[in-house]
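The chain below stands alone, shown as structure tokens; this is the form predicted alone.
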Amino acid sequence: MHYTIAYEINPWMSLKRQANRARALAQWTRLHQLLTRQLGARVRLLPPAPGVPDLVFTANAGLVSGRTLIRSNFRHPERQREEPLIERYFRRQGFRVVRLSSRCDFEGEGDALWVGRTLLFGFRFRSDAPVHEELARVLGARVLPVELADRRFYHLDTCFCPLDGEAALWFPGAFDRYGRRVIERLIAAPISVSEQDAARFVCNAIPLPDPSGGRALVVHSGLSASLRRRLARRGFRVYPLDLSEFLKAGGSAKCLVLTMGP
């Protein structure tokens, strides 16, 4: 693992607050073991590489649809070095790789999340608004753009997490007024989180089937008791993990995985 804090490109990153690499590796390993051994998820690993410390945040690599990867166009030069590594890996795995217009930034599943057959697309800080039209064309799907309004929640997946066809975790304060209306109309049972929970990246969670029945939610530890109760009422079993070393870079559980589909 080559993860470290090598630059500052979001409000959470500080060169003065370095990640402990050994502790980060232990936290990543526990996440991998939980997903694969306990929850039965199939996980592929993107090989690490020196000089690209944020490659560990694979959610930003692109958006997968079937055997197609819509590859990211990263906003910051520091992350643009990841693009050829991502493209090479997916081509070797037999995926068709689609590049969007180089005039627009797009940061993959960090800003594009499926809610049923609708793709919710967050823009402003890392992805550009016009991308939603290209995504709709490539995917042949309805894409709803929502504007992010709080720099702390610079990607959609830091403040919004679709749980199932009806419910989603979200922090309303991360969106502008129009974006809040879009989400309230799209989601039948939105579960709003407090600013304190949002700052612990509880929306940056991984929902998946629980082997014991119902649904599992993998999330950074420390979520409030009230939120845990609301999730339990929705049939979710919470699996908290300490991912504090990755919070230092503005990421958590969801940032560390890219959904590859069934």
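One-based numbering along the sequence shown. Because the structure is predicted, anything quoted here is derived from the model rather than measured.
What follows is about the form predicted together with a small molecule, which we do not show.
Open item on the list: Residues 167, 223 and 227 are flagged as a possible site; in the predicted bound form, is every one of them within 4.5 Å of the small molecule by some non-hydrogen atom?
Closed with: No, the whole trio is out of contact, none within 4.5 Å by any heavy atom.
TODO: Choose one stretch from 154-162, 87-95, 129-137, 171-179: the one whose residues place a heavy atom within 4.5 angstroms of the small molecule in the predicted bound form.
DONE: Looking at the partner contacts, the answer comes out as 154-162.
TODO: State yes or no: in the predicted bound form, is some non-hydrogen atom of residue 197 no more than 4.5 angstroms from a non-hydrogen atom of the small molecule?
DONE: It does not: once the small molecule is placed as it appears in the predicted bound form, residue 197 has no heavy atom within 4.5 Å of it.
Open item on the list: Against the small molecule in the predicted bound form, would residue 122 count as a contact residue? Criterion: heavy atoms within 4.5 Å.
Closed with: Result no; residue 122 lies far from the small molecule in the predicted bound form.
- [ ] Indicate whether the small molecule has at least one heavy atom within 4.5 Å of a heavy atom of residue 244 in the predicted bound form.
- [x] Taking the distances in the predicted bound form, the answer for residue 244 is no, it never comes within 4.5 Å of the small molecule.
Task: residue 9, heavy atom within 4.5 angstroms of the small molecule in the predicted bound form - done: Contact with the small molecule, yes.
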